[in-house]
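Read the single chain below, which is given as structure tokens and is the form predicted alone.
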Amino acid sequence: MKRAFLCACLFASALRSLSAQDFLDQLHQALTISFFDDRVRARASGLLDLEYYHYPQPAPGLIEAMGHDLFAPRLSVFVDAKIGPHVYFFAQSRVDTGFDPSDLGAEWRLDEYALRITPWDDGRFNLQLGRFPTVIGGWIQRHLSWDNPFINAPIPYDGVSLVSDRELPFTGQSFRRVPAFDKYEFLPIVWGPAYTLGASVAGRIGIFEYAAAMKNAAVSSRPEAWEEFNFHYPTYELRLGVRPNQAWNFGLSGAVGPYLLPDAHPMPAQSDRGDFYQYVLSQDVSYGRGHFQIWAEAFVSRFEVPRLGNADMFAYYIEAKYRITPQLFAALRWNQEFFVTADDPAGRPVSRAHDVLRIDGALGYRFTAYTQLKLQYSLARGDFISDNLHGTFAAQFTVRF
């Protein structure tokens, strides 16, 4: 695995040559087509990510792998099509080892596909139908590898809690850290970009932005469920934003919807998944000027746990990026997650989990307009099983086409 990533780094050096740059320029042009005097225009593009992780056990975040080393390649292909000035279609397909890095083998998925209708040219209103990311939060706008200054997601999007959508506890005593449990059975506040099915309206009026959506699954739902749920128990999402100038952006978001899987067990008598909800409230702010950018988000989430009561979480992060040269940048992120729960009917806490602190530091270098290398080290205290301090090294080489 280390040799494979070393080969990727050597490949990056080779791509700096003029001939490689010319080839990617030509490929970019070849993947764009138009018809009817450019009234219909379509473009294919993509990202090839080669990722390497060295980590302790249990693996951090949503990584699902044994051992201490993982090589996880990923190919993402995007299709964007515009039909006239008011109709737009986009899709994303991926070949990788799982939506989150894993050692489970390669798979192919269609993660996104949506149709967007924009009746007016000023962007005051957009109607979107299909499968697309959640509208809440601020990190979603930069979650792809080329735009994210880090390799992983902030902790609200990949920090695993003790709330399961499948294995339901009987008492607060059983709802605690159990090493025999599979960490992947439990949920973060928001599972990455949450590519769920639904419809949304969004737009901008002056300095104000809005987005509202009805989706088929909760923002914490796992990737395997994003397309399986129907709309019998929908999730509702809302974000209101203010962009007073080019430097500042402020947002307030909320979501509510049932989070349990249809096969969640054991369910209380005379109840179903529609009786137990996840509630999310978040605030986000960003600032950018010159070589410096900063982002921050804070989340409060409540899960209604069958038989027990409420399991609450608070998580936030502060992230900064500084462009040292036109090609070299550095980034630093501070993440924390806290578990604040009520007592079950027997007087015991609904969940007992360690509060989590994680610091992420990254260096990135863009060899060309199409290639990028990122190196990251994360130091964390508190995880799914213990309160020990542990470190994770990650590297990511990206080719954009």
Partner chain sequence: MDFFVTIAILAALLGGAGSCFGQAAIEGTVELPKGHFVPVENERYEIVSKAGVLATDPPRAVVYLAGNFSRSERLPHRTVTQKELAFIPGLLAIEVGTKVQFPNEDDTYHNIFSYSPTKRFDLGRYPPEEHPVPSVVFDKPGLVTLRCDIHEHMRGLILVLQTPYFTITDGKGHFRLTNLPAGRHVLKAWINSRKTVEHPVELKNGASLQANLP
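Computed from a prediction, not measured in an experiment: that's the story for all the values here. Positions refer to the first chain, counted from 1.
Beyond what is shown, the protein has a form predicted together with the partner chain; the following relates to that form.
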Any non-hydrogen atom of residue 354 within 4.5 angstroms of the partner chain in the predicted bound form: no
is_contact(residue 141, the partner chain) in the predicted bound form, heavy atom dist at most 4.5 Å: yes
Residue contact check: residue 78 to the partner chain in the predicted bound form, 4.5 Å heavy atom: yes
4.5 angstroms heavy atom contact with the partner chain in the predicted bound form for residue 133: yes
Listed residue (103, 112, 96, 167) with a non-hydrogen atom within 4.5 angstroms of the partner chain in the predicted bound form: 112
Sole residue of 233, 277, 322, 88 within 4.5 Å of the partner chain in the predicted bound form, by heavy atom: 88
Whether 224, 253 and 390 all lie within 4.5 angstroms of the partner chain in the predicted bound form by heavy atom: no
Location of the partner chain contact in the predicted bound form, chosen stretch of 239-247, 308-316, 151-159, 216-224 [non-hydrogen atom, 4.5 Å]: 239-247
Any residue of 268-293 that, in the predicted bound form, places a heavy atom within 4.5 Å of the partner chain: 288, 289, 290, 291, 293
